[in-house]
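Take a look at this single chain in structure tokens; it is the form predicted on its own.
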């Protein structure tokens, strides 16, 4: 149920709380005319609603989810899988990987490119999703990047200071480690941490400094790290302590019931 009872709240916030989508995605759905409130199409996200209002997305009524029904899943996403609920081109999605065991509606937290692998969270906790994906909260994402060639100190300095891309200057990145790829072939592995989410940002940053990316894997999101023992395509529920640490990372208070549904 709504934490605020019948107090009005913005439509996009209500949709996020119900686990339908992040606030940003909810705003997009609204602006496209795909959301109805009490049978009327709404195109302005600022409209106020309460739990008594009937909200429909793409013709389907949505219901508030109880906090105890929130699901938090960590997936080791393989390459060649779409970070989406559905795909019009019929490619495999991350939901296809978990649907047989997790029937609840959950959604990817942000996106990993089709050809990027690694840590992906999925949940129906809209408030947490919004904060984890909003750049204002500065949640760091750490990647293991396989690049061509040996990277120079000057190139690393550029990455640390910010790289000018077509859509603007990137925020300073953290370079956590640099090592030669153990299979040779003039490849280097760089571990890098960023808190932005520009489209294909890591790939474009390295290409800009002269090192095309041969492989990209996300290994951490905030305090959550990918276990090396998890095989590609495997997934697990987050532990209660992990959920609490994620909430703390983005300034959300624990309600004492995180993971209470785990068996």
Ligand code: URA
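As the structure is a computational prediction, the values presented were derived from the model and not from experiment. Numbering follows the first chain given and starts at 1.
The following text describes the form predicted in complex with uracil (URA), which does not appear among the structures shown.
Trainee: Among 199-207, 233-241, 53-61, 35-43, mark the stretch whose residues have heavy atoms within 4.5 Å of uracil (URA) in the predicted complex.
Mentor: That would be stretch 199-207.
Trainee: So uracil (URA) isn't shown here. In the predicted complex, which residue out of 107, 143, 130, 72 has a non-hydrogen atom within 4.5 Å of it?
Mentor: The option sitting close enough to the partner is 143.
Trainee: Name the residue from 29, 219, 49, 216 that puts a heavy atom within 4.5 Å of uracil (URA) in the predicted complex.
Mentor: Comparing distances to uracil (URA) in the predicted complex, the residue within 4.5 Å is 216.
Trainee: Does residue 113 reach uracil (URA) in the predicted complex if we count a contact as any heavy atom within 4.5 Å?
Mentor: Residue-level check for residue 113: yes, a contact with uracil (URA).
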